[in-house]
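Single chain ahead, written as structure tokens, the form predicted alone.
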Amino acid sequence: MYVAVKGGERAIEAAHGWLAEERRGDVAVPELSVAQIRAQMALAVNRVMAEGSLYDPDLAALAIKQARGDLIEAIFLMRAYRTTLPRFGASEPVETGAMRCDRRISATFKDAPGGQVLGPTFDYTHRLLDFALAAEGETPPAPEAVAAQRAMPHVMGYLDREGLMEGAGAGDAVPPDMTRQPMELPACRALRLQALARGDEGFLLGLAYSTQRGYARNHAFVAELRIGAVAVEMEIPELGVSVELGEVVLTECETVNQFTGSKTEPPQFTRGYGLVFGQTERKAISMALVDRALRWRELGEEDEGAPAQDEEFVLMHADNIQATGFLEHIKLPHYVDFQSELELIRKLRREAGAGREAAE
């Protein structure tokens, strides 16, 4: 047994060494730096920060480099590192209405108050390979663009003032923190939004798409999508005031959905909400659609049995780190389990064969 264990250790060490070589790749090619990954693979960095629940572009870029570009492995590294960090307080709720927007669009109002800011987007690009990038020359300078400094009031506010939107509600005084206590079902909306913000982008995208195809009848409009920097403040008890700690880049999406009303509520619009680290608009829109689908019970709607309406199904399967761990553990040794099943199958076959012989 000891010899087998030592042999396994040597094999694992050799696998780690080989992994390091594969990560580095051809030594004749210059190695990617963390700064290059952060600057030129920003959308991957943003996803790792969002699903890793840790806002640090440098660490996210390092995780991507270490994981050889496997974003789920990089997210795992970020989550693991996050657990080692001390928590010294909680910040104040961020004010997204004061966001310095790099991008702000509305699909519901052409002349949105504050104006439309297209920002850096693939929306209007031709999906053709740009072979000029393969030349690895300097990119021509783009026209100078700056974040919008003017006030960008939320579009939802104008619908609110007409009484066309459902009330946002006060919410929980102190929202539960799913990183410090196990998630319990049924979950309040604040807890659901936390789980969705950490959830896998692809999983949420599939669920959101299913709502658009009719599973949950969740026809939504993007009232507003905004991306930009917001200040993070923390109250210092000794000073009695809030102090700005820095800024984070966020993507916020608010959707507006039809609602026919109920016995107590007139017909009005309802909302879905998504808020994610970095420029991650596909994730934020998906999050808003799934958030709205999960609200069927509190809005007095019927459960149509759609996957996106099933709270347990959505929240317990959205986390890609839990899913990866459970999925990939089956490739590890299960010799004893399999041998017991193998012996059971052989025994059943012998008994079935003996039964047939007796019948003959």
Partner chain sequence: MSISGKMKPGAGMTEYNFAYLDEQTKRMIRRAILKALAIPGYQVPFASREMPMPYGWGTGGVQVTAACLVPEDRLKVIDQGADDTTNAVSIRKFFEKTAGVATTEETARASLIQTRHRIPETPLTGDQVLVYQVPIPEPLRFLEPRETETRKMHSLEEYGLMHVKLYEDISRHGAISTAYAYPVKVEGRYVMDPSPIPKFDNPKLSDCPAIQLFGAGREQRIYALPPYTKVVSLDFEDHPFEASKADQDCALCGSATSYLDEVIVDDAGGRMFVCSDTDYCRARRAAGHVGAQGVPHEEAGA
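Please read these numbers as outputs of a predicted model, since none were measured by experiment. Residue numbers count along the first chain shown, from 1. By rigid core we mean the largest C-alpha set that fits within 1.5 Å across both forms.
The form predicted in complex with its partner chain exists for this protein as well; it is not shown, and the discussion that follows is about that form.
Enquirer: With the partner left out here, check for me: in the model of the complex, does some heavy atom of E9 sit within 4.5 Å of its partner chain?
Expert: So E9 counts as contacting its partner chain.
Enquirer: When the contact criterion is heavy atoms within 4.5 Å, does T179 count as touching its partner chain in the model of the complex?
Expert: Yes, contact at 4.5 Å.
Enquirer: Using heavy atoms and a 4.5 Å limit, would one call Q322 a contact residue for its partner chain in the model of the complex?
Expert: Within the cut-off, so yes.
Enquirer: Tell me, yes or no, whether R24 is in contact with its partner chain in the model of the complex, where a contact means a heavy atom of each within 4.5 Å.
Expert: Output for R24 is no: heavy atoms all beyond 4.5 Å of its partner chain.
Enquirer: Contact check in the model of the complex: D70, H126 and A220 versus its partner chain, with a cutoff of 4.5 Å between any heavy atoms. Do all three pass?
Expert: None of them does, since no heavy atom lies within 4.5 Å of the partner.
Enquirer: Need the contact residues for 22 to 44: heavy atom within 4.5 Å of its partner chain in the model of the complex, sequence order, or none if there are none.
Expert: Counting only heavy atoms within 4.5 Å of its partner chain in the model of the complex, the single contacting residue of 22 to 44 is V34.
Enquirer: Note yes or no: does the Cα of A352 move by 2 Å or more between this form and the one not shown after the core is superposed?
Expert: Result for A352: yes, a 2 Å-plus shift.
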